[in-house]
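Read the single chain below, which is given as structure tokens and is the form predicted on its own.
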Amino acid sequence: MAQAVINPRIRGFVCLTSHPAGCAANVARQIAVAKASGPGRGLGNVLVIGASAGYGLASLITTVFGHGAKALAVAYERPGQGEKAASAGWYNIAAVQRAAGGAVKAINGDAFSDALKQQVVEALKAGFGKIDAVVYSLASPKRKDPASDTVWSSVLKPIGAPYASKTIDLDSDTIKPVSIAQATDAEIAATIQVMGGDDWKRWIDALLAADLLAPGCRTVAYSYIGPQLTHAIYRAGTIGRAKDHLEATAALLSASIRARCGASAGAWVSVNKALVTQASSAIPVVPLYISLLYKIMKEKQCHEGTIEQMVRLWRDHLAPGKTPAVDEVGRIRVDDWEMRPDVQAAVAALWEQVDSGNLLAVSDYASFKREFRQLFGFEIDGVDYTVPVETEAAWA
């Protein structure tokens, strides 16, 4: 096995390297939280689509280590080759598998493709059986339409008018103005194709056609709404249109699933809290908002990380025997602590004050930066980054 000393190489919201020991330590911490908080049993077979990072990884860990599930994890990641490190997601899945002792199998490939869906169907028939829960947690800037081979690309743009605000320059750690042109109709449509509910529906249709959904089966996809501060660029923008489509898809899927799997089955969208992910780091304004949000929520002792969010979601809403609590349009809301009026008022007040000179004093930007690096296995307590590590790790 090849070994190398791996250091972070970061450009803006992209980290070009990842550390296997750091990723493993990050996974171990999440596993400990899931074990401490979950009932330890209750779920049968789970399929997690987009299982290698963020909310998908936390869902995989929560269902397996918190609820006793056997899981098939689907992701599209890069294995290590020689001294070249694998992607962080590859190391995350490998670490979960080592800890799970055979309870987690993984398939690597393009989850948008029909071929990968068929591969998953065959794997489920061969080694799992019917599925009790399906998590859909894909995050990708592009999607190839399996019917037409058209490649759709998503954009982060406002709708109806240009957008101007302030954001953090992640390279210089300074506040700078940001201005974004409004989206075209074609860009809106393409973003819906990438980030809306079409592929989620294709997955569920394929599983239904193969008779692989168990009685009471539940499926969940993840979304975000956010505050007024980010409304124009996020929920009222192109991504928001895609999330509207995702939420409308949930209603259609619920009808199909309940017809086959019973009244307790269904499809839900869970609106989650703003957290540090590679995707959120790429959205203008959001890193600054998250930095202020973290400071306020930690002060008010209501801050949660990714694993804590998923533990609460599955414990309170999606575990067998639970009836999901939903808002007026049918969404599960685990962003409820973030959206508390006192939290949002305090964040809005800091927003008016923050500038390059006081960024570190009035925000928790230091935690934002550290958590971003931790996504790739860096700045993890207890890891010696001067020691060469094996870069290659196998999936089971």
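One-based numbering along the sequence shown. Here the structure is a predicted model, which means the values were calculated and not measured.
The same protein also exists as the form predicted together with a small molecule; that form is not shown, yet it is the one meant from here on.
Ser223 is the sole member of Ser256, Ser154, Ser223, Thr249 with a non-hydrogen atom lying within 4.5 angstroms of the small molecule in the predicted complex.
Of the residues given (Ala279, Ile159, Ala190, Leu208), Ala279 alone sits with a heavy atom within 4.5 Å of the small molecule in the predicted complex. With the partner omitted here, the stretch from 102 to 110, 258 to 266, 210 to 218, 177 to 185 that lies within 4.5 Å of the small molecule by heavy atoms in the predicted complex is 102 to 110.
Not displayed here, the small molecule is approached by Lys243 to within 4.5 Å at the level of heavy atoms in the predicted complex. Among heavy atoms of Leu60, none comes within 4.5 Å of the small molecule in the predicted complex. When the small molecule is considered in the predicted complex, Trp200 lies well away from it, no heavy atom lying within 4.5 Å. In the predicted complex, at least one heavy atom of Tyr76 sits within 4.5 Å of a heavy atom of the small molecule.
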